[in-house]
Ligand code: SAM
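Heads up, the chain below is alone and in the form predicted on its own; it's given as structure tokens.
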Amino acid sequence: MEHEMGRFDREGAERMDRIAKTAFAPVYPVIAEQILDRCGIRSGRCLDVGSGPGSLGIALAQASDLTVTLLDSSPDMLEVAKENIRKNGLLGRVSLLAGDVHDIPLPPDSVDLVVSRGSLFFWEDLARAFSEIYRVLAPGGKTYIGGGFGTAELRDSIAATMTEENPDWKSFRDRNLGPGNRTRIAGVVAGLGLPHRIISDDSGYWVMMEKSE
């Protein structure tokens, strides 16, 4: 969900944080466990791209031995994430990094796991973004990038809550996670010729790339 409403000032960042801690709160631990199970990476360095208030990255740190870096282009969102890191007692495990997915300020082969939930729907250049993510992946590293709610039950429950608050939310969700957009994203990744597989099930839509060792 992190960037499902676009870029944020302080008010927008705080609103997104409230939503993440209420309607969306059950999603992050579920997706974190799915990432750990499907990727098999529970230690090393994790990069959460378009991290927003840090909900997914924090959930991953809590469920594993990963050291997590939260990457976001919004200074206001990073300030909110900083407070969430402090409140969760993770100052030594989770750090902040200002930057954009199209030009990630990290050296090549430096990250074991790259995750992102919701931000790819707003990347201006998918091919460049996925290429940058692959560049920073360490040999043997994997990605788990996409959007979703973890389970069908969570998806439907959140849809009911969010649609009540904003009648346009469901159409917004369906546009991002609909068949047309899924096909478009898969086509971009396939066109790059990078080793990957697509997960498209009740957990959501996820791109898993892997860099060979």
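For clarity, every value in this text was computed on a predicted model and none was experimentally measured. From 1 onward, residues are counted along the sequence shown.
FYI, the form predicted together with this ligand isn't displayed, but the following is about it.
- Of the candidate stretches 158-166, 183-191, 32-40, 47-55, only 47-55 has residues with heavy atoms within 4.5 Å of this ligand in the predicted complex.
- Contact with this ligand in the predicted complex holds for none of 128, 144 and 204, as no heavy atom of theirs lies within 4.5 Å.
- Contact annotation: residue 82 falls outside 4.5 Å of this ligand in the predicted complex, judged by heavy atom distances.
- Of the heavy atoms in residue 123, some are within 4.5 Å of this ligand in the predicted complex.
- Using a 4.5 Å cutoff between non-hydrogen atoms, residue 140 does not count as a contact of this ligand in the predicted complex.
- Of the heavy atoms in residue 73, some are within 4.5 Å of this ligand in the predicted complex.
- Residues 16, 28 are the members of 13-34 with a non-hydrogen atom no more than 4.5 angstroms from this ligand in the predicted complex.
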